[in-house]
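Listed next as structure tokens is one chain, alone, in the form predicted alone.
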Amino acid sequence: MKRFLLQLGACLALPLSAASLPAAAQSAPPAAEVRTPVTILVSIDGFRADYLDRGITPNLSALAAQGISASMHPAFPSKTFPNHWTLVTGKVPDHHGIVANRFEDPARPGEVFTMASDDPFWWNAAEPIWVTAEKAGIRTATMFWPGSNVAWGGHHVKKPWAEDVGGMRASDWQQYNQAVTPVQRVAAVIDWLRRPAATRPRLVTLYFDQVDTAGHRYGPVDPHTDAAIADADSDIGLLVSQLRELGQPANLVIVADHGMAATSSERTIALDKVADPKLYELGDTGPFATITPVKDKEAMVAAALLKPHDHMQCWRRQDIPARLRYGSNPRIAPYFCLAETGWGIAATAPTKVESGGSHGFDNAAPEMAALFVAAGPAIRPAGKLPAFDNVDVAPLLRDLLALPQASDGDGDDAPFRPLLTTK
């Protein structure tokens, strides 16, 4: 019956069809739109570089074969927010100001930056790529990215009510919510790209967190983490297939912010056994610890921290090794202690046995190496590249968007320059 009604409807509509109109009134069928390639920056948080070698990522591996891939060095410290901001600014944390996931600023005594902080004060030291693009007339959209909800360049006022004054965001952006599923995130990106050319973004960011969550909870070598890796790969496959169905060419740049190392409560350095807690204020703990001596106690803190320790090394801020490119920013605590990879620093010894994974260790450690895969019409296939630093990703994005390189950036597009059809 349904088929009959459809046929009847077609017959009833026949007198109005193009075939029944005079030749002068007939128009040619609309030609398929030739779409300009878009650039899509995807972060799979916590995707260690060697996860790609486990044989459970057919979609990522196919893109790597079609384009380029590498084991990428994160910036130090190998934490989420510092590295996501490095990826989109091309500056190391010491220069862009997001120096950890939690820190203080002498200019704002009594306030603490956390991963929920969206006051532009904390972020304004370095311009993200979506703001650079928007200033150049390139429409952008951010489907989650640490810092993408910030009114960059503006300022925050609290009275008479809390609001941002001035500043810029992407033309389209979403406030992060972990409850939004990966499939919903992909759908949002595709919906943006279905728009007419005038309101369609040319730069999009997309963020997935399931691999990092599993890595922290279960460690990097666990079936649950493998399942999360496979799920993230499936999400990439969904994105690629829907772009294909839409007829939307895309230069995909898929990255991670850091890797993951196995940890255990049995590998913990208790700071109260190193120095009297009454001598200092403790900030961050975990793979590293940030320490501020109380008034008139610096000499005692220095004596306790700067001597040799098993599985941990401590420095004054200004003496942190130059290779880490970290230590000149006043947001870094006066004393900084870094644990050996796989160890952790805590205020006191743990009271129960736990294991899992963490990051924030030396960015040269193999366990901290991050995923990098890129493919698309502007990228010549070249296979596996030598390892490079993640400050080079922002220069690559500038090339793909035909933006000039930043004069004050810490990165370079040299690893990619011979491989780009845009050069």
Ligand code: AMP
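All values derive from a computational prediction rather than experimental measurement. So that there is no doubt, residue numbering starts at 1 and follows the sequence shown.
One more form of this protein should be noted, the form predicted together with this ligand, which is absent from this view; the next part is about it.
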| property | result |
| --- | --- |
| 105, 290 and 318 all contacting this ligand in the model of the complex, non-hydrogen atom within 4.5 Å | no |
| In the model of the complex, segment of 310-318, 237-245, 207-215, 193-201 with a heavy atom within 4.5 Å of this ligand | 207-215 |
| Distance check, residue 344 to this ligand in the model of the complex, heavy atom within 4.5 Å | no |
| Touches this ligand in the model of the complex: residue 176 (any heavy atom, 4.5 Å) | yes |
| Partner contact for residue 45 in the model of the complex: this ligand, 4.5 angstroms, heavy atom | yes |
| Any non-hydrogen atom of residue 81 within 4.5 angstroms of this ligand in the model of the complex | yes |
| Candidate from 171, 71, 101, 264 lying within 4.5 Å of this ligand in the model of the complex - any heavy atom | 101 |
| Listed residue (326, 122, 145, 280) with a non-hydrogen atom within 4.5 angstroms of this ligand in the model of the complex | 145 |
| Heavy atom contacts to this ligand in the model of the complex at 4.5 Å, residues of 110-144 in sequence order | 115 |
